[in-house]
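Here you get one chain, nothing else, as structure tokens; it is the form predicted alone.
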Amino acid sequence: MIQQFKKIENLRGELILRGDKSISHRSVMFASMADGVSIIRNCSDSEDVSSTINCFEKLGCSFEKENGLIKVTGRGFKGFSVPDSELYAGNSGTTARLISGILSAQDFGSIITGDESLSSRPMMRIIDPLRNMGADIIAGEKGFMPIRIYPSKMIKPVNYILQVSSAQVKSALILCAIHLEEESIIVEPGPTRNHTEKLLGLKTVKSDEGTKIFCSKKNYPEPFEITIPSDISSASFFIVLALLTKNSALTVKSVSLNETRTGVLDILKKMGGKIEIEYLKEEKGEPVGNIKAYSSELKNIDIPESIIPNIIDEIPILSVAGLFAEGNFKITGAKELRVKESDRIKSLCHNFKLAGVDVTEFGDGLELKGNIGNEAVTLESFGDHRIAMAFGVMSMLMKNGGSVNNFESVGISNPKFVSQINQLIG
């Protein structure tokens, strides 16, 4: 599907987004693991989270949707049913990688598959450390999907230093480790999103090696209730559009302001973005607040590589902000973009080149110089939701508007993107 976008004159109003995708995934998983009924409010309606729900339904959990909430009946410690077929994770790397940690500790075997995109993403990053814990787990050809897991009586606690800065790898190890009486220590050299630690109430200690995370069976989830805050990654597309559009004022309400996720706001404010934060409350250790964004004149800045893990999902929309900002936009240290839903460095460079922008591609990033020189193009999503939304925003900033091919991929994280835009430009 080719989605057409008109140039917009301003963006005004308030927006309430569905729940944060990362927190939604984990809430569904932990509720499924708990022994009893949990209540999840404002769960993400993305295709990725639906994949997680579908996997746990096949493991014997029940999900009742009513009045904007999901009532989850979990199976308790090692209480899952043996799945009667493969567990299909769709496009969701979070589903595939985190559930691998859970299933590695079960007393039955399982197979995890995914769509074409997920099946080209690296899985050895979780398989090797899980094997180090004693898991009997293998990947398909070249370390890709499917993942096959066999029951193992050799699972043991570890003191493990993460080799990849990845919340998914960290979480997979934690979710295996909480099936053991003895304590594991997982050391994270650099910070990544910490929703797993917050939701499970894990003890963390700063050290010279990095952050030490302590986990054992005492951290195994019990039934809970949660209202999931809005997704800051989804919010970032609307925030950038408001900053770059004249006479705009936007409020995104009840957003997760987790310290490992707000790097995008820090970068945009340093670029001159007029952004205000209003803290409201905490939800299961997660700070929640409103974000207000106003029309701004942006200037590009040096983006330190140390912040990359915090902004990895927002780099596509930050690159669009950088294109319309004063000066050149440059980002490096982001090799992880190569193994997302698409090769996002390649995807970004392809589209910017189509639009006539002077682009330099690096192995771990890109640099943009100059302005849009060719507006009569259809941009490509590459089946990647964040690429689709980033170039949807760029299209709305072009003088004659623009279009994005295969825009339906936005359903992976925010299927209501277009209707939300229309609500704000009314």
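Being a predicted model, the structure only gives us computed values, none of them experimental. From 1 onward, residues are counted along the sequence shown.
Below: the form predicted in complex with a small molecule, not depicted.
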Segment that reaches the small molecule in the predicted complex - one of 394-402, 373-381, 22-30, 61-69, heavy atoms within 4.5 Å: 22-30
Contact residue in the predicted complex, chosen from Asp115, Glu286, Asp313, Asp343 - any heavy atom within 4.5 Å of the small molecule: Asp313
Among the candidates Asn290, Thr211, Ser216, Ser166, the residue which, in the predicted complex, approaches the small molecule to within 4.5 Å (heavy atoms): Ser166
Lys198, heavy atom within 4.5 angstroms of the small molecule in the predicted complex: no
4.5 Å heavy atom contact, Arg125 to the small molecule in the predicted complex: yes
The small molecule contact in the predicted complex: Thr94, any heavy atom under 4.5 Å: yes
